[in-house]
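Given as structure tokens, the chain that follows is alone and in the form predicted alone.
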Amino acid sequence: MKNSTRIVILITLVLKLLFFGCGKQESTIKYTIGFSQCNSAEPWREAMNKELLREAAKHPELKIMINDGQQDNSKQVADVENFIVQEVDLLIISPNEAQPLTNIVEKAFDKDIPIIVLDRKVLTDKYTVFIGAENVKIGKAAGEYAAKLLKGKGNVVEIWGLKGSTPAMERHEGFIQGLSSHPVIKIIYEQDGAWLRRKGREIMENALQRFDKIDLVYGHNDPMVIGAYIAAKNANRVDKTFFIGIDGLPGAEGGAQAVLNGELNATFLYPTGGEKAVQVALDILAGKKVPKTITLETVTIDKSNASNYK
């Protein structure tokens, strides 16, 4: 047999195998899920994506498509619109901000697409289920912990998450509740850090220039507070300041390790819900009834238990 003939036969066999393999893989897919992530820049969001994909990989009948909204409301609206056009079987959305994403969520729901709202809320009840932790409860726990550290008096810098997002609003509200019986504790400076570490550092640098006495920094997530800690350390002002965050992610750069490193005095676990979202999606697609709200539990992480979460 000539070499050229052998090559043709070999190529034909390879193409048949590839075609058969792809066809077999495609034939196992029953459902397509679109996941509109508000952004993938934060470590917590990256952890959510990984958790969701890891759980989905256990179910060959699922195809997951993730679009990154890049912390841009209009882009995320366009992403959801695209999922509607593609007629996905189910939509998971973690909104960048509540108000700008409400109408498009309602539009998808009105087209009979089941919707899981994950972590951040929208201003409507036109969705199938909301999955997330109780941010007011977490914020209140942070406020009470702060009051204990401060022994009832002191100056606080609060670094917000994105102010138009429901977790930021609720974590602030809860924190105020936690401090309500301690009128001598004052929030002397508060700024929007947009959930970003570099913003937390910049905000703390400004605060350090303006105020001689900062007793505690409360941030709506761990990266912003770690950024604030770095700014305070560079200014030689960490010794008399407490630092409290929220997320409690495991890993070398997570909140639990930051507690062990002495960068944070405490953080509060905020589960990503990625695994739970896939499990609930499977129930919905199977026609099972699911509750309107699924609450993820939190825990206080400090020196006493941080090694269990690192």
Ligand code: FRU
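The structure displayed is predicted, hence computed values, not measured ones. Sequential numbering from 1, following the sequence displayed.
Although not depicted, the form predicted together with ligand FRU is the subject of the following passage.
- Put simply, of 227, 167, 143, 132 only one has a heavy atom within 4.5 Å of ligand FRU in the model of the complex, and it is 167.
- Within 4.5 Å of some heavy atom of ligand FRU in the model of the complex lies at least one heavy atom of residue 39.
- Within this chain, residue 270 lines the site of ligand FRU in the model of the complex, having a heavy atom no more than 4.5 Å away.
- Taking the partner from elsewhere, residue 195 is found to have a heavy atom lying within 4.5 Å of ligand FRU in the model of the complex.
- Although the partner is absent here, residue 119 lies within 4.5 Å of ligand FRU in the model of the complex, judged by heavy atoms.
- Only one of 278-286, 237-245, 41-49, 61-69 lies within 4.5 Å of ligand FRU in the model of the complex by heavy atoms, and it is 41-49.
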